[in-house]
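A single chain, nothing else alongside it, follows as structure tokens in the form predicted alone.
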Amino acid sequence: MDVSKILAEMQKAMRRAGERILQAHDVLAEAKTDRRNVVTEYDRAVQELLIRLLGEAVPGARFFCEENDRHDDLGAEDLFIIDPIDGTMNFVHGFHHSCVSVAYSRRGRIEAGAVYNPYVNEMFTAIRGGGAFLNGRPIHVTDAPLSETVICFGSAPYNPELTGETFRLAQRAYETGLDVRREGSAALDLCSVAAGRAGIYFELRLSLWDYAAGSLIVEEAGGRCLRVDGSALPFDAGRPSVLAGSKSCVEAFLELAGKS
């Protein structure tokens, strides 16, 4: 199937998932590994809905998902990488800043990505080589220097051993930029970079489903996605750091991050 048609099916499925999120009530959180790493019945239900709808649209497709240990072969011919509710802690506490994130890969390369925030009806999309869009309108990373932008970051809350380094970097970024934001959704932070709302986003540990769709959207918006040390971002089941932004903002951050 043509990638543009697959992206259209992704958006249809994600809007259905968004309806399920907006209908949520009496949300109860369960700890997966600790009190900060939580899951809800809605995470599982949304994931199963997406698997069903995308599986019907692309017969034989495989899935690499956050919940229920559904981790199929990353080199599959047709693979969807799903984070059913990115920003679950926000979702549980009613912050209304969460999203559905889906990437499509073919033989180990991400070809399309979409991130949908149902609370404000914003659908970010990209196809490799085709640019990035918000609700069908082209978007681009900011042309401003890091000193004139807002910086988004994630605190890697599941990994307290990274707290000190995270906030060292956040302080450096704050001192250089206009202000910092910690909003609780990696996928939406990546899209904020792609839309030019933020100069950079960084987090010291993420899973593939957190950044697969957003990283393509950033790149297609003219930005860069790397690890925080400047090396290439992997496509695997590891948990790398992620740094995203315009070329000049990324270079400025790498310089300030390396200072003792």
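Numbering starts at 1 and follows the sequence shown. Keep in mind that this is a model prediction, so the values were computed, not measured.
Separately, the form predicted together with a small molecule exists; it is not shown, and the next lines address it.
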| item | value |
| --- | --- |
| Interface stretch in the predicted bound form with the small molecule - options 219 to 227, 191 to 199, 206 to 214, 57 to 65, non-hydrogen atom within 4.5 Å | 206 to 214 |
| Candidate from I85, A132, A112, I151 lying within 4.5 Å of the small molecule in the predicted bound form - any heavy atom | I85 |
| Single option in V141, V102, A186, A173 placed near the small molecule in the predicted bound form, where near means a heavy atom within 4.5 Å | A186 |
| Contact label in the predicted bound form: A156 to the small molecule, heavy atom within 4.5 Å | yes |
| Residue contact check: R182 to the small molecule in the predicted bound form, 4.5 Å heavy atom | yes |
